[in-house]
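Next up is one chain by itself, shown in structure tokens, the form predicted alone.
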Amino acid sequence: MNTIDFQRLADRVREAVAAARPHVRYAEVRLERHDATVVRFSGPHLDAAGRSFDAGGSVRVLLAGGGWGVASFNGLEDIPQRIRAARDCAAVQDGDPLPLADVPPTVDLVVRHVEEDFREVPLAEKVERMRGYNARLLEADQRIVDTDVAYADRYVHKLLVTSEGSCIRQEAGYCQAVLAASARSGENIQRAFEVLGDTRGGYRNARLIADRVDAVARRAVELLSAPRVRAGRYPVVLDPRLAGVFIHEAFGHLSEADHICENPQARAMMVLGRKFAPDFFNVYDDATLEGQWGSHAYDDEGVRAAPTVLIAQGRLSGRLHNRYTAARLGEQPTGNACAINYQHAPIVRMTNTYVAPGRSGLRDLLGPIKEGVYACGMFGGQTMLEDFSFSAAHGRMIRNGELAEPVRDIVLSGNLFKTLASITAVGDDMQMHSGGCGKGGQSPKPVGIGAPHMAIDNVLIGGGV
């Protein structure tokens, strides 16, 4: 989809939307093209290596007296017919008219720069690079019994045209590399992994992750001899990755306003101005961060991205919106209407959600702790409204203010609001990481997850005895 083709396509779509305008209250057409590469090794075997090209679109139509009508399609032709199909779907919807917050019509072209364009790198080079990492993991120690080494890139062209006059074209590239190793001793199997990705560096991510190969192998083997953490309540220091996942999973999803609109219990909990955490604690969602995995200039409803303050000085300050939830709650759209691809309608999603840095170094966080747990990374977890449970990927005991022996099987659980209130310090070393988020059958949506080190008092830790 070169520039000339895209311009001609945009003109055709604008004509089709203009022709439909007298018959609908609102209409939008989203067209996309994805050019992608995947390379994956499992153990000694090359499981996948190839490129794919996908193009298609989605139409949403809102009539004066009902709900949304949606039609998605492959290919980029016959847009008027697709609009008619969506209009027919909308005509059979029952219910009250849906409100939409006003946004100014926008005409714009946004191309996010990729410093090392992965599209110029031959597939054979990508395969051989991943093969080399995989071999290094397998040869690092005889106890390494399995590996999972993956590379993925994707270049996305998007076009949004609305009946309100917006015509927005966006291009962005995503490149990510993953290393994982499993070590075994008898029945004891331990796993370690690293992920590196962004939208700015491009293929550079595949080269830089080379520096993490030895650490992945070493950590998997080290965990074999690490004891299970003794269950109990501890002061805990979360590393930046786990702290970022915690704020994303346990708090970020509660901030998505479609959930607040639909769930009376969530609405009662997420009252603006409610005190959640100490005065030094601040949380943002910001799609404007340069180069981050969840960044965009405009969301999939054409709303310009802007930073949203979710927690300011410990109090709930904002929620994440699409145009419908903003109108429903009497607030402003925040640029958080996102779809993972053209086959899905936009829903409210996080972009880059992070805890703002504080003023404490890691030593300041560790120093007051006589006995505690330093928890790093995350293997998995679950949330149920305000309750959470997360499994850290690895960790160490903290003894007399120092990092001590490695421990494993660290499961942190508790109540979100009690845990937020128990935060005792926030580090000055905020890091952003790439992640994938699932919601409403749309997974994985690229998101940025960020935080500095974070100290929390009296956290329930599950483990061995």
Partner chain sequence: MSGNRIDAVAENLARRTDAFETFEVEQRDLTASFEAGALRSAETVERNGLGLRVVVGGRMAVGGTGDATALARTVDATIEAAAFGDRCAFEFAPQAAGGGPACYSPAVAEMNADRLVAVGREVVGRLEDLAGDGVTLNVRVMAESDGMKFANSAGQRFDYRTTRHRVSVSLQSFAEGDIVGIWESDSSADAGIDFDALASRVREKFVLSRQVVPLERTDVPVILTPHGLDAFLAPLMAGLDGRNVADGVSPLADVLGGEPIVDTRLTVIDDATVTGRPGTRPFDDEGVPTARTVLIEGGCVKNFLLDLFSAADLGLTSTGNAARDLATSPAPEHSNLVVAVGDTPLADMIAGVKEGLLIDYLMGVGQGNLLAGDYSNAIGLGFAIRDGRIAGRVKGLTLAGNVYRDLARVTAIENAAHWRGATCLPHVRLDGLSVSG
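Keep in mind the model is a prediction, meaning the values are calculated, not measured. Numbering follows the first chain given and starts at 1. Between two forms, the rigid core is defined as the largest C-alpha subset superposing within 1.5 Å.
The next section is about a form of this same protein that is not shown, the form predicted together with its partner chain.
- Of the candidate stretches 374 to 382, 152 to 160, 278 to 286, 167 to 175, only 374 to 382 has residues with heavy atoms within 4.5 Å of its partner chain in the predicted bound form.
- Residue-level contacts in the predicted bound form: of V145, L272, A215, V107, one residue has a heavy atom within 4.5 Å of its partner chain, and it is V145.
- With the partner omitted from this view, the residue of A101, A345, L362, I369 that lies near its partner chain in the predicted bound form is A345 [heavy atom within 4.5 Å].
- A residue is said to contact a partner when one of its heavy atoms sits within 4.5 Å of a partner heavy atom; L123 meets this definition for its partner chain in the predicted bound form.
- Taking the partner from the other structure, its partner chain in the predicted bound form has a heavy atom within 4.5 Å of a heavy atom of A231.
- In the predicted bound form, its partner chain sits within 4.5 Å of a heavy atom of S389.
- Under a 4.5 angstroms non-hydrogen atom cutoff, its partner chain in the predicted bound form has E262 among its neighbouring residues.
- In sequence order, C89, V92, Q93, D94, L98 are the residues of 88 to 115 having a heavy atom within 4.5 Å of its partner chain in the predicted bound form; the partner itself is omitted from this view.
- Once the rigid core is used as the reference frame, the Cα position of T383 differs between this form and the one not shown by 2 Å or more.
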